[in-house]
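Just one chain follows, in the form predicted alone, and it is written as structure tokens.
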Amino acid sequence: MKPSFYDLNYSDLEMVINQNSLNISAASVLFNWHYKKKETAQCVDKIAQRSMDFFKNTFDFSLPEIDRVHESKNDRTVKFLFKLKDHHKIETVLIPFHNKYSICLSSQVGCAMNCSFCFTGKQGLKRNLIPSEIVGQFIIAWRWLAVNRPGEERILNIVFMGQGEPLHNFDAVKKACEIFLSKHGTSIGVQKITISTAGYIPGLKRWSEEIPGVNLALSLHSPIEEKRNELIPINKKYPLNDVLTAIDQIPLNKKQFITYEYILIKDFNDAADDAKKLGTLLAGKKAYINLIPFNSFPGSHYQSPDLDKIDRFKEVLDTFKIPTLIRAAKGDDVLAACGQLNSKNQTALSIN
């Protein structure tokens, strides 16, 4: 089986070209063709026949295939079910804002974290994705927009908040980021990429040296150890205080913050005392809080608080002078909102 071209970052590609005595200019031409232009056919643009033949015979240029697309009737969110070569499936979400999009990428088939508020955890971990399967989600989603919503093919933000724990698949996520950031290709700004983690400390310890500048979001969800243990079982192995200590050691740019995600669950972590403890925990840090009302999924016993309680929770946090946003659910009618992705349970969707 041929290796995938899309597993190569720019340095890898230059190395291959040098090792095979090809014209080094092919590197920028190929990255421009496949990443900037998002072409999936063989490159025929300003490349020597010898280089063209070499890459055609040496590398696989196929990408994940769209198995199914679900479009929200409420807000135009798009959820893709992608089929991989081994027939595993993953989900990817395009989130619209002002005729532009953020893309929510998956990093694993399933997830090993088994967070109780997340539908993905119910399917368990099948395997890690390789870089080509991660960047492929971006390219195929962009091409879908070009065909189905022409003029709107502007994906400005990348969030690793889909299926899987990104830092549990650190090497592939790192290489995907290098490809996205390359000035020769998609040229996504470092401040436009956010990686979310449940608190996987081995990945956090590699962060500063290997993916500096990329935004970090922590799934916090409770400042109280017992509650966080229920929501995020990995908290028993990597306690919140240790996670926060690791995060505090990550250098931040002048205007950069750490995002702390907090799922609000009715009668569990939505009381004023929870908000006070959260504010006390994060006071003085370069923190930004996303409050996310719980999004229901099949089999869950959790519920979202009413709007008044959500507003009161935010009012308490405001007294700590921590920037806080209540994040509106998008795509929840097609199980595309936060915590609702599960590529094994398509029958649960309300529309097809």
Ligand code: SAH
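Predicted model, so just to flag it, every value in this text is computed and none were measured. One-based numbering along the sequence shown.
The same protein also exists as the form predicted together with this ligand; that form is not shown, yet it is the one meant from here on.
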Among the candidate stretches 129-137, 247-255, 195-203, 87-95, which one is within 4.5 Å of this ligand in the predicted complex when only heavy atoms are counted?
195-203
Using 4.5 Å between non-hydrogen atoms, is residue 263 touching this ligand in the predicted complex?
yes
4.5 angstroms heavy atom contact with this ligand in the predicted complex for residue 118:
yes
Residue 287: heavy atom within 4.5 Å of this ligand in the predicted complex?
no
Partner proximity in the predicted complex: residue 269 to this ligand, non-hydrogen atom cutoff 4.5 Å:
no
Candidate from 55, 294, 31, 313 lying within 4.5 Å of this ligand in the predicted complex - any heavy atom:
294
Taking 279, 282 and 324 as a possible spot, do all three reach this ligand in the predicted complex with a heavy atom inside 4.5 Å?
no
Within 4.5 Å of this ligand in the predicted complex, which residues of 155-179 have a heavy atom? Give them in sequence order, or say none.
160, 161, 162, 164, 165, 166
